[in-house]
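Presented below, as structure tokens, is a lone chain in the form predicted on its own.
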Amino acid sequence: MKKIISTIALALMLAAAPAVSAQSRDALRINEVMVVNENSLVDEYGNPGAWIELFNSNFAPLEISKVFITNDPANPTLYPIPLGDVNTKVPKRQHVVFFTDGEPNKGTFHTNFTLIPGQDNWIGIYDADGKTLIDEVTVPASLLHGQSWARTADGNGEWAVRTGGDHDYITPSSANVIRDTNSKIQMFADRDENGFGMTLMAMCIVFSALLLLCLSFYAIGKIGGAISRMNKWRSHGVTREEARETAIADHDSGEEIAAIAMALYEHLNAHDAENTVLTINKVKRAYSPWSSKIYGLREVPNHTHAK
């Protein structure tokens, strides 16, 4: 028994291993960087500053404490993300921003290093062992004030400059690709301006549902009738083959049903006619002194004493 339990436990561990690996910190990505921030994102103290956006590309929450962020390849453990902050647990497919202001005393999301404008800035994130490089990026020196260096899609894709224009958004703590409209809905709106196609489609769906409902009820009725006939055969002690041969399975004729209905009507409506006239008859009895109560009375004696 113990051997069976051990085998099952080992199998469960092996099955869970790929899932655990798939939700590891290896999926953490550098997603967007701004070196000179003048009018973009501000920290919790209201101060603008350079920032780094990380993205959890897992489809499960990811705890990023103990991960290291650095701008020095020779010092991979430059800024360890501290423990104890509930905000270091990044939800699935979500973002977190670190301000590179060199003031870690301000909080968990303030690093102890800064990014330098006008020169290439290398940024790397290392796993808890301080040796495993998870992701890296080099922000070019040509990046101007108010511009960001971002991926074309969250967690993957090429790096490109974001200027903050109408279709070139800077998106700290948000998806790098903002979908303003749904392409399929827009195409439908362009081809069906008056909504006739939408109306026709809706009517087809409704009538199709009603037709399906009618067919379902029809099938249920047929099945119920078949079950009723089978019960009738059993009550007559007849098999299905015999019923087919002798036509016992045929339903009752209309004349028979009408006769039965009439008989039931006559039976249920048959009752005595009630007379609403009340008759009172005087009962005469023969007189007999034996039955008279007056003869049963005695005279009250007069109690007088002789003198």
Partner chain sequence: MSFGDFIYNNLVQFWQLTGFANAEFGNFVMLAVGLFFIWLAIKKNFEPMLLVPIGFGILIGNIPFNAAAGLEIGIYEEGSVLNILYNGVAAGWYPPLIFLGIGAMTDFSALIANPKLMLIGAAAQFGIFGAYMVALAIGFTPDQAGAIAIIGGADGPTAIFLSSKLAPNLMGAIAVSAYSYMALVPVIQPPLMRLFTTKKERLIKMKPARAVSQNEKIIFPIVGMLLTCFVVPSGIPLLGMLFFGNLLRECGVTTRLAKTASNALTDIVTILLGMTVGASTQASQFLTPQTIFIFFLGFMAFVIASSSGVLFVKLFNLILPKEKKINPLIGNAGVSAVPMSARISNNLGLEYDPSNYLLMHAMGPNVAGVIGSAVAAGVLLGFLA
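As the structure is a computational prediction, the values presented were derived from the model and not from experiment. Positions refer to the first chain, counted from 1. Throughout, rigid core stands for the largest set of C-alpha atoms superposing within 1.5 Å between the two forms.
The form predicted in complex with its partner chain exists for this protein as well; it is not shown, and the discussion that follows is about that form.
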- Single option in 127, 103, 135, 192 placed near its partner chain in the predicted bound form, where near means a heavy atom within 4.5 Å: 192
- With the partner omitted here, the residue among 83, 230, 144, 202 that in the predicted bound form has a heavy atom within 4.5 Å of its partner chain is 202
- Task: Answer with yes or no whether residue 218 is in contact with its partner chain in the predicted bound form, where contact means some heavy atom within 4.5 Å.
- Result: yes
- Exercise: residue 161 in contact with its partner chain in the predicted bound form, heavy atom 4.5 Å: no
- Item | Partner proximity in the predicted bound form: residue 209 to its partner chain, non-hydrogen atom cutoff 4.5 Å | yes
- Look up in the predicted bound form whether residue 196 has a non-hydrogen atom within 4.5 angstroms of its partner chain, and give yes or no. yes
- Message: Heavy atoms within 4.5 Å of its partner chain in the predicted bound form: which stretch in 219-227, 165-173, 115-123, 150-158 meets that?
- Response: 219-227
- Task: For the heavy atom contacts within 4.5 Å of its partner chain in the predicted bound form, list the residues of 147-174 involved, in sequence order.
- Result: none
- Does residue 200 move its CA by 2 angstroms or more between the shown form and the other one when the core is aligned? yes
- Message: For residue 89, does the CA position differ by 2 Å or more between the shown form and the other one when the superposition is done on the rigid core?
- Response: no
- Message: Using the rigid core as the reference frame, would you say residue 122 shifts its C-alpha by 2 Å or more between the shown form and the other one?
- Response: no
